[in-house]
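Let's start with one chain on its own, the form predicted alone, as structure tokens.
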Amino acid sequence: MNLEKVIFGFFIVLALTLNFGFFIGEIDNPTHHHVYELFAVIVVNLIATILKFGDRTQIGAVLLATSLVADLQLIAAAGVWTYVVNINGMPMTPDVMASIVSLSGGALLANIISVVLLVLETIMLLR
């Protein structure tokens, strides 16, 4: 068993599951989406992105691209949250929360693609 591949797969799947945990719930209800969960999703996604830099294959390039997309959308979601609540000083509204959750939904889709590609690559290696 290759420990590097285990850690790589762990962070990719953890990024997906944390993102799903943040995304699930009523889209416009701020009590269903916690800021610390979004922070954890961003940190784990960034770690997964860093781990993808070492892969020099074509699938590795696509994995890196999906991870960068997820990072961009999650950082944008955190930026919206930070701007509205901390810079503008406004309370979290359902409209703003819907925008944040929508951005995390795009990141969730990118993470799903990453996990599917990881599984396909594993299946191809077994043949």
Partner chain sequence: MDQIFWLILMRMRRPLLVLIGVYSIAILGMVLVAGPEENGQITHMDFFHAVYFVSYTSTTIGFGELPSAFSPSQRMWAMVCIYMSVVSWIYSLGAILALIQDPAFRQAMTERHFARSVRKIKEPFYLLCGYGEAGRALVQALTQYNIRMVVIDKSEDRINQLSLEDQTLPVHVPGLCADAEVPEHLLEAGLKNPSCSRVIALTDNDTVNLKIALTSKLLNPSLKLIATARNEETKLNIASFGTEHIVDAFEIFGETIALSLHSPDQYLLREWLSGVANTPFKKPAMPPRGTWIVCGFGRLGRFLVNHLESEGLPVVVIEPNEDILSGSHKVVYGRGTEADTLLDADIKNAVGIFAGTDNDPNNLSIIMTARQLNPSLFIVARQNLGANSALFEALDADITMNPGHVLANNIRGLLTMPRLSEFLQQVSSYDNKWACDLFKRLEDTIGTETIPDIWEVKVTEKHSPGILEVISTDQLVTVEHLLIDAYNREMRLKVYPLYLVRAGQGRLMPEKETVLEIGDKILFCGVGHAYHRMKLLLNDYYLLQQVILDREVPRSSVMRWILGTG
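Source: prediction; values computed, not measured. Residue numbers count along the first chain shown, from 1.
Keep in mind that the form predicted in complex with its partner chain is not shown, yet the notes after this line are about it.
**Student:** Within 4.5 Å of its partner chain in the predicted complex: all of 10, 75 and 92, by heavy atom?
**Tutor:** The answer is no: none of the three residues contacts the partner (heavy atom, 4.5 Å cut-off).
**Student:** Using 4.5 Å between non-hydrogen atoms, is residue 65 touching its partner chain in the predicted complex?
**Tutor:** No.
**Student:** Please check if residue 55 has a heavy atom lying within 4.5 Å of any heavy atom of its partner chain in the predicted complex.
**Tutor:** The answer is yes: residue 55 has a heavy atom within 4.5 Å of its partner chain.
**Student:** Does any heavy atom of residue 47 come within 4.5 Å of a heavy atom of its partner chain in the predicted complex?
**Tutor:** Contact check for residue 47: yes, within 4.5 Å of its partner chain in the predicted complex.
**Student:** Would residue 43 sit within 4.5 Å of its partner chain in the predicted complex, counting heavy atoms only?
**Tutor:** The answer is yes: residue 43 has a heavy atom within 4.5 Å of its partner chain.
**Student:** Have a look at 98, 84, 69, 35 for me and say which one sits with a heavy atom within 4.5 Å of its partner chain in the predicted complex.
**Tutor:** Looking at the other structure, the residue within range turns out to be 35.
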